[in-house]
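A single chain comes next, written as structure tokens; it is the form predicted alone.
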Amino acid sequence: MTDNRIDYYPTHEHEGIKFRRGHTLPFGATMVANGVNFSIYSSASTSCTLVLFERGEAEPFAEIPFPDEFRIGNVYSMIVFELNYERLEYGYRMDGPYNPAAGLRFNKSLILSDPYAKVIGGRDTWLAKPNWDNVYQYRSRLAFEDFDWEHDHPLETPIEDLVIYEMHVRGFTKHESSGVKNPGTFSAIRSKVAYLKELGINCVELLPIYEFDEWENSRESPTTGEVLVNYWGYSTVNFFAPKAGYAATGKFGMQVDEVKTLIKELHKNGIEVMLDVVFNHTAEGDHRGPTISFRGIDNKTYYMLTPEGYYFNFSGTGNTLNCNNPVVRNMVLDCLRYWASEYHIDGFRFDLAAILGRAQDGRPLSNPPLLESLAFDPILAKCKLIAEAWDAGGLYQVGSFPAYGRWAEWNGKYRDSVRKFLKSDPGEVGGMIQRVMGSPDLYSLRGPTASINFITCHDGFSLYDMFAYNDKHNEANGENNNDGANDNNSWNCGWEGETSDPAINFLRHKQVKNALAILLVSQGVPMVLMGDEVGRTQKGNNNTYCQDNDLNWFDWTQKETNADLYNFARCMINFRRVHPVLRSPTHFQYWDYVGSGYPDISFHGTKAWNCDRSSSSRSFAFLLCGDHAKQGIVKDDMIYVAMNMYWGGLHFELPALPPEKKWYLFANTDMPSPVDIYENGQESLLANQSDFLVGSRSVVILVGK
């Protein structure tokens, strides 16, 4: 069939390359009939040139200035014909004034990466050393949208039913013990899906997978001599492109399909995928940083600038993306819509999300347009939106983050309360009661699902290290141990670091089990850090952002050496999944609204129905009435949880059950494995139905059925 539409044909020619006026939207490079449409925004440039490369070549094969008539408003667009889509790399030169005090930093000698590029070349293999003399380091490429999703779509699991697993793509399988092909890649994770299913988690939250440069600020460790790199990836080069270095096929430019194949496989197994997204800053840093993309295209649009033209730094990393500028706001929306629709992503966790609520001059906004837009966006309507509700500029919004009925938060107060309680700090019982109920003191109108409960995450000690170290040991980072948090609320159980003392090691394992038990019986949405289920250690380093080694990699041999922890974690996660009374979407009401004879939740102490909330108390218990599960819609067992963080054992009087029910023991962290926990349905009938001795620093869980 002959193409006879007028827009299929060029109207201009430059050095043998044929082109015509393009479409202003969508931004980025888009395949159209017979060519590629290029569209880019810049409000203050005086001219723009499209630069075209054959893949991997040092010099461009064409540079095409946009004719003046191709600019509509602040958008340059053109369609270029007869390009080899699969071999094409492109960029832009922007010309305009260089006047930093006015926020303008144009430099037409630089080739700039497209902020809307769907694939970035130049960092195709993890830790392959870049050619620093290359004139164009981060090369924009086209993506192909011909992936066969079969019948896949986002799972839309109710958020209260999630157990989130925070995972680093590389760290999960890079250790030699993983036994997988292509360790450290998206592809390798597929080999561990069975493990994730057995553990029971139903959502993985991936640390940043947007394209970033692992070589950023690379240096040598003063203690090990290893190369230190940007391992975590919280320094985005491009928001639309997946990290090629995480893909086994990155060297072939197939990272898009590899990510999609992983997501499709996880979805087939009932596991959602969330992305940790970093819109608070970019890899361009402050005024001393490299010009990669945004700075050279439209500096004063993309970044928050001081009146003198320097960069506001609410992210702690040099610059702050100007997220409430309408142009940037649209880019964020376009980006998340793209990931939700093209990659079937189920949700997003926003790093330092408080920044997204700041005005262009840095002031916190009462009604931040970006947060509102995300909450009401039709394409993101079923996606989970989770905020890290603070930033490095001192804005702390846990409990007050603008939610619009959609946003959940990493609950930093949950983390702090549980850690202090586990240490046996005085005065924590009152706070703990709020935390196990889903923090109604913080989310009274939003419900417990606003609370993402966590005790550990990538940032800080691992769970095992919480009980093996009093202090951080970050010397290997080369920052004189000045980096990382100082207020860890950790306790080493009597010895700093590793020990052969069996009593200390037993106590440490007990504390890990206590933490997992509390996390998984709390209302809200639990999040487990990768490897905490097997006692992963970072050897006291609480800021492993630069360590691409055993400090961060999942050591799969620990599944056997710490089998007691793994078994406990697996049983606890599955206990939560089979008991809907642990996953209420609304707050408990403290009264019996179904006529069961019991309130939905009640609190107890060593005396039943008598909870000691005094500052000297270090123990309490709570009873959940299964008849109130999901507001009385479904029936569940009675669940009784006793937590004793006192350094001696305490007798807890058990609440009386209805005559037809008996108390069964599900978990007792004071006991050695395998009698510390039972499989669901195989709980042990208690001989004494009225009293239970809860050991020192222990958690006991009973089932009434």
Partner chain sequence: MSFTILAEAKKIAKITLTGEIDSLSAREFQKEIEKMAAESPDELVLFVENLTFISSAGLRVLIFAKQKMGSGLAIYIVKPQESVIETLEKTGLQHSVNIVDQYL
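Numbering follows the first chain given and starts at 1. In this text the structure is predicted, and so the values were computed from the model without any measurement.
If you look for the form predicted together with the partner chain, you will not find it shown, but the lines that follow are about it.
Heavy atoms within 4.5 Å of the partner chain in the model of the complex are found in exactly one of 434-442, 297-305, 79-87, 420-428, that being 79-87. None of R613, R570, K382, K181 but one reaches within 4.5 angstroms of the partner chain in the model of the complex through a heavy atom, and that residue is K181. Comment: the partner chain is not present in this chain, but in the model of the complex one of A485, L155, L507, M254 has a heavy atom within 4.5 Å of it, namely M254. Put simply, A248 is close to the partner chain in the model of the complex: some heavy atom of it is within 4.5 Å.
Heavy atoms of E258 reach within 4.5 Å of the partner chain in the model of the complex, making it an interface residue. For F376, no non-hydrogen atom is located within 4.5 Å of the partner chain in the model of the complex, even though that partner is not displayed. When the partner chain is considered in the model of the complex, N562 lies well away from it, no heavy atom lying within 4.5 Å.
For the stretch 140-171, the set of residues having any non-hydrogen atom within 4.5 angstroms of the partner chain in the model of the complex comprises F144, D146, F147, D148, in sequence order.
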